[in-house]
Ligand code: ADP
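Just one chain follows, in the form predicted alone, and it is written as structure tokens.
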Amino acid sequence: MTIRKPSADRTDRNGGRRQALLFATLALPFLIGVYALVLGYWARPQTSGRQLRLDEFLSVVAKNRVGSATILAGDDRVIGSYDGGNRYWVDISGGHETLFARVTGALEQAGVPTAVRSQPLKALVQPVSMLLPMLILADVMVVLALVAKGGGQLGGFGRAGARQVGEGEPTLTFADLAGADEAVEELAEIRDYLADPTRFAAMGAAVPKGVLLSGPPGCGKTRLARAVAGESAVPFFSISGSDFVEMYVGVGAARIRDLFATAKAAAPAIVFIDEIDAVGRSRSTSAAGGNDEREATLNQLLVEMDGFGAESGVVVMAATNRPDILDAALLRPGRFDRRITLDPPDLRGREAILAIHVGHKPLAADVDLAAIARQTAGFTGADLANVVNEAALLATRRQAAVIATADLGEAVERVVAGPQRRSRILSPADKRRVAVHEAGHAVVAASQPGAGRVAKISVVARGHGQGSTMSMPEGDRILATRDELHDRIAVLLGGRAAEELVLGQPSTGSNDDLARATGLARRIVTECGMSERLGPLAFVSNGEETAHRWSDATAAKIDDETHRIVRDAFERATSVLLANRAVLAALTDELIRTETLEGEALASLLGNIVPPADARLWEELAAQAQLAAAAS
């Protein structure tokens, strides 16, 4: 990657500036010390002996007790000796000529030898005390100016502070990416333009000025931008959107100008603004006031991006998790011409990402990355990198030479639910309740077509949970039907239903399940429009209320529908458990004995589940559940 080096003249100027800054910095304490010396010692009269009041002095003079007198013209004092050698001094700084005449007349009348000392240096105290503060202030201003010109902390206040990837740092290429083939294909044009812009100019094609990367956290937006820079071998300036926002109006705009000026001077180059929503939020939702700092910064960004022509050789790339809140002027053609959406990778992409991250790590021969990819549905690239790193740490902890399949499996569980807490010792009663709860989840999940295959059940505490039930989807799914969402709610409530059915009453272990089930049911009603009573209406968009508030009557209907969905799912879960009480009991006993079930042992137990065949059987099982609840 190309890095520009300063010229010899610029180096000489920087050296002279540093010397001047050193001299001015050392001169500042010297000037302050001299000023303190002038005020503290030179300007103050230095006389010894006893101070006499004016009346005392005139009395002593009248009694011929004063042996000598000297008038200090600069200090406005009279000093001398009296009573055979005792020193005295009298302050006559009143400034009145009559006072001076009175003192000298008394001394002359008493015949006291009197002298006058002019003190010419004292006359310099006043001009020096006025000149030194001016010199000190001038020195401070020189220091600040040199610091600002040299790019120090004060001078960098208005600088962007963008980080440039330099020589010697590891660079990324498209070969280091996986799971984002469409995004790489779109960005290949940017690489080709930066590598050979004349080819595009000859064709008359205009390459996009800006590329906006959007997607969930961890999908590789920053890695994509760095890979484009690595492929095209051009300077790459990276900065966060929050670095532009300051409490002082105008600082953010100054940093925007400095960033684009620096990039244009190093063209061809890439400017990457991470989390651009921090500065590019829509002005309609920003703080009130026409001179708001964020709005001024956004305006400057709009001007700078619109001012770059195709011949500038600067491509602006930005990343955000919330493209919906960006200002419309920022997204118009001519600024961010191309928008690339990144989603969590599919099965093939996850396998390729895992292969990249384990490429330089010792891996056991029997490790099946495809199986690990199937277990990590919904994981982003960052999650998968964390899984591989956790597996390497686990292998190191047990002093193994290679990473085994068990390490990767445990790493997946650690990422999903947290590390095991085997120090949490459960009483026999609590252990049985946790086993019943997790077995209830597994039985209901195995009977629901939209719940996925149950891969593992454990009563070992992880994170905040006392147990876990892991389901593995049959394939990558982007959409979910209404029946599948209802199946998920039934699975979430399976643990509580099993506790009530087997142990007679629920426990606090169902709190998280209830919260997730209620939230999903409310989203079915308010976001997905899947309520038969309310119809295909959306009351919430992207987790936020729509512009039109609903009435109290509609809010009551939403609450009723949410309650109905959860209640029906709970009754369905109870019906499934009633139809499979033998399987529920066998799973519970086996979990209490082994603490963890997976593989063939789990599949053989769940293979005996009898799902209800039709709606009539559902109704009969629901009626049995109600009778059992009334009897208990």
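From 1 onward, residues are counted along the sequence shown. Here the structure is a predicted model, which means the values were calculated and not measured.
Another form exists, predicted in complex with ligand ADP; not displayed. Remarks below refer to it.
- Only one of the listed residues (D483, D176, D324, E185) places a non-hydrogen atom within 4.5 angstroms of ligand ADP in the model of the complex, and that residue is D176.
- H357 is the sole member of H357, K209, R414, R77 with a non-hydrogen atom lying within 4.5 angstroms of ligand ADP in the model of the complex.
- Interface membership of I353, defined by any non-hydrogen atom within 4.5 Å of ligand ADP in the model of the complex, is confirmed.
- The closest heavy atom approach of L503 to ligand ADP in the model of the complex falls outside 4.5 Å.
- Taking the partner from the other structure, ligand ADP in the model of the complex has a heavy atom within 4.5 Å of a heavy atom of K221.
- Among heavy atoms of G241, none comes within 4.5 Å of ligand ADP in the model of the complex.
- Look at 440 to 448, 176 to 184, 333 to 341, 105 to 113: in the model of the complex, residues with non-hydrogen atoms within 4.5 angstroms of ligand ADP sit in 176 to 184.
- Contacts with ligand ADP in the model of the complex, taken as any heavy atom within 4.5 Å, map within 203 to 218 to P216, P217, G218.
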